[in-house]
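What follows is one chain in structure tokens, specifically the form predicted on its own.
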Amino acid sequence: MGAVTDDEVIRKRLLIDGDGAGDDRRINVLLKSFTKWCNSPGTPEEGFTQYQRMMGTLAQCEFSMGKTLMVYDMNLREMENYEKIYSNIEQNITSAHEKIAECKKEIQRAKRIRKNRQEYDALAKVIQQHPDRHETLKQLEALDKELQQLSHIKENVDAKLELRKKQFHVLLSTIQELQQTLENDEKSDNDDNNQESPAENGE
């Protein structure tokens, strides 16, 4: 025979003793009375009276047992109800954890969006400080025209400078030739003077 659990012992005890109002004692008294009634040599009137008492005691025990069974069934239903409530609470807790996790993700996304917006605003402010593309293209065209003009001016200046260099070179060459000619003339004059001097001395 298997071991009897505590729940079974308590259940049997409740079925016998009811709500603890002495049903166990009543059953013991009923058993003693029944044994005494069976072995009693009394008159039929006394036996009937004793029988009526036993039936009353038995009715009280049955009433207590029925009430105990109703309480027991009610406790079972309450336990089932509590289990359902506990299951619902567990589901709500799980759902709450999932919502909390989702809210944390939403907060992170919101923070990232806010950071991006702040960066966009900062870039927009920097962009607003600079001219737009149309204005920039106009400035580039103006600078390109100015650069072309400067290039032409540079070419003209370079040409003039090259011309001045050539003219200066020609001038230097002319000066050198003139100087050489002067030196030659001066030398020639000196030679002529030297030739005339002896003739005069002979006279």
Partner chain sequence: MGPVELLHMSVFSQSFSPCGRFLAAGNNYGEIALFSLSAALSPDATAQSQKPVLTFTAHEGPVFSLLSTDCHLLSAGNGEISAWSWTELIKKNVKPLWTKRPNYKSSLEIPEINSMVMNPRDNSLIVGGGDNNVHVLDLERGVFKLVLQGHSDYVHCVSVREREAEILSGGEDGAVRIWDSRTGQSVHCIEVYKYESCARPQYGKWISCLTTDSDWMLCGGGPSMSLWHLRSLSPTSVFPLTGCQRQAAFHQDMILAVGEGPFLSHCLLGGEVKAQIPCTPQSLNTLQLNTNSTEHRVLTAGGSSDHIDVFTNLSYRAFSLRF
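Everything numeric in this text was worked out from a predicted model, so none of it was measured. Residue numbers count along the first chain shown, from 1.
The following text describes the form predicted in complex with its partner chain, which does not appear among the structures shown.
- In the predicted complex, its partner chain lies within 4.5 Å of some heavy atom of residue 115.
- Among heavy atoms of residue 99, none comes within 4.5 Å of its partner chain in the predicted complex.
- Heavy atoms of residue 88 never reach within 4.5 Å of its partner chain in the predicted complex, leaving it off the interface.
- Of the heavy atoms in residue 105, none are within 4.5 Å of its partner chain in the predicted complex.
- Proximity to its partner chain in the predicted complex, defined as a heavy atom within 4.5 Å, holds among 132, 83, 73, 119 only for 119.
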